[in-house]
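Okay, so here's just one chain, in structure tokens, the form predicted alone.
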Amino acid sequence: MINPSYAELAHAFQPEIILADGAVLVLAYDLIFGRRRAPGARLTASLVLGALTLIGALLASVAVGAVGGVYGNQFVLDDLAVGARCGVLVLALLTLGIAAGAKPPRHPAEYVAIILFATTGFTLMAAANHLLVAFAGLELASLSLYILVGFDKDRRDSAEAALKYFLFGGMATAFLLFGFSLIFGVTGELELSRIAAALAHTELSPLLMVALVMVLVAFGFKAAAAPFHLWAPDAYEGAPTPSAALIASASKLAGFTLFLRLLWPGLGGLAGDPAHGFGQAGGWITIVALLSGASLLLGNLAALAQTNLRRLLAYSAIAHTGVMLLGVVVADVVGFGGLYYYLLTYGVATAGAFGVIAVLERQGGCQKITDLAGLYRRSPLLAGCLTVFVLSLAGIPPLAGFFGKFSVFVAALQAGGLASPLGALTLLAIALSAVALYYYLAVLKQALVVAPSENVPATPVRVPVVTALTLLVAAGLIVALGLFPSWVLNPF
């Protein structure tokens, strides 16, 4: 039964209120004071207000803490929700730091405001415990991301990427809504815990199986899991760089948090056996495991053939989605900590890599991998930070990416054993990690070993102070979380 305490609701949702108010404040300030100022001053004011809003929301998230069910259990603020809230706010803050060194958007206030609205959707997704709330948060974030991808009106590929992203996203929304409606039709419930209780006494009917497939297909599109990944390379390549960083980092963290909550415990009764359930008909674990294997294979093998740096990061993101889906399969057995750690550290490393690309693009372009040639001479700072981010994505110890993969792989082996289908999938993921090492080292070879080519200006790269600090903080987080993974793992 819904608790009608609006005071409790306002207390629990202080971060979302701050984010929404901050977005309106950014627009209002620019409308009143910004029109008479230079574009650079408008961008600076918008970024400062946006950063203060995100810091305020982050402090509010910590202050509110894990208070449990809110508003009749329509929302739940547990450790996972608080961790996801703080994580997406930190990643959005990194995105604003990247935007300070990227090509300035034509309408800076609107750009920052939409980033804040997208972050509001992410934090709502993290706390959603109701199908309609989950849908509202997901669509608020998705609509904001469609706009952010197409925000560079001077580039044709930005508009093309936004159109593809919107069309695929719209189709995914239709699948998701259809799946949710079938779940409601079968169970008569919209709240996840009530759905779980209803499914405990329900056989897996064909209608419920269709609902499951619809929901998993929709999340496959949203998470860019193979074979539903087709929008991702174009969106990563055509989007303004800060937008690509937000999609690759905060969007994945919020999306997988919602996915976890929906499957465990919402649809947990239909999961099957994590250790031996691949061969059992009906369990959603079978479908998620197949998506995981397809993402690992396609993402890693396709990344080998890429010469465009952004498309390489897109295909590597698909491969990382495969590992994340493996973490989803075993999350109920070993806990959410390992997967959350992986999502957070992957997001920081990917956002940092896009930050390096943003600075290079603003000062001469950085599309092909060969455009990185001689980076160590042009900017030791960018070369050093890129090395940390790429080695973390490759899973090299003692950086955070290594412990992220290690925690997921160990959890999967503990849950299923080496001789189980889950163990075989884990061994496949480990083998493909070696393949990933090849294309990640190819990127570092260009940045650290190859001399500058005649087509790349040999002039030093000027890194704006804010972006330099952002990259250093991101690289420091990768190193610190690699040395002390318990900072993130222990709360779970």
Partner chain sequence: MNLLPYSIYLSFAGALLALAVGQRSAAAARVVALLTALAAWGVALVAAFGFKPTPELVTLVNVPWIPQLGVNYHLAADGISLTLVVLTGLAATAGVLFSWNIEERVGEFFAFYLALIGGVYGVFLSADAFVFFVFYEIAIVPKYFLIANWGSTNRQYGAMKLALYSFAGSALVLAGLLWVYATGHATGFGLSELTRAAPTLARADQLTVFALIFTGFAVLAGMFPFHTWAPTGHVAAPTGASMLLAGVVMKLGAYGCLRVAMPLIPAGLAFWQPAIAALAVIGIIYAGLVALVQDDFKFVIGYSSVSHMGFVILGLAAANPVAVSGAVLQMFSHGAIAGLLFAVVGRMVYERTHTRQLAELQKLPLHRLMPFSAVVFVIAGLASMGMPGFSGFPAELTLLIGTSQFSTVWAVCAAFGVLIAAAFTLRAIQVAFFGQASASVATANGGAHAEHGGPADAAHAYAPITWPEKTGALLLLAAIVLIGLKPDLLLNWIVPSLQSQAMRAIWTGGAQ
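Quantities reported herein were computed from a predicted structural model and do not represent experimental measurements. Residue numbers count along the first chain shown, from 1.
Just so it is clear, the following notes concern the form predicted in complex with the partner chain, a form of the same protein that is not shown.
Asker: Please check if G482 has a heavy atom lying within 4.5 Å of any heavy atom of the partner chain in the predicted bound form.
Answerer: Contact with the partner chain, yes.
Asker: L27 versus the partner chain, in the predicted bound form: is there a non-hydrogen atom within 4.5 Å?
Answerer: Flag for L27 set to no.
Asker: Is F406 one of the residues lying within 4.5 Å of the partner chain in the predicted bound form, judged by heavy atom distances?
Answerer: Answer yes; at least one heavy atom of F406 falls within 4.5 Å of the partner chain in the predicted bound form.
Asker: In the predicted bound form, is there a heavy atom of the partner chain that lies within 4.5 Å of any heavy atom of W264, even though the partner is absent here?
Answerer: No, no contact at 4.5 Å.
Asker: Looking at heavy atoms inside 4.5 Å, which stretch does the partner chain contact in the predicted bound form, given the options 461 to 469, 65 to 73, 432 to 440, 45 to 53?
Answerer: Going by heavy atoms within 4.5 Å, the stretch is 432 to 440.
Asker: Looking in the predicted bound form, is the partner chain within 4.5 angstroms of a heavy atom from every one of V410, L427 and V450?
Answerer: Yes, the whole trio is in contact, each within 4.5 Å by some heavy atom.
Asker: Taking 4.5 Å between heavy atoms as the contact cutoff, choose which of G395, G150, G347, G220 touches the partner chain in the predicted bound form.
Answerer: Result of the distance check: G395.
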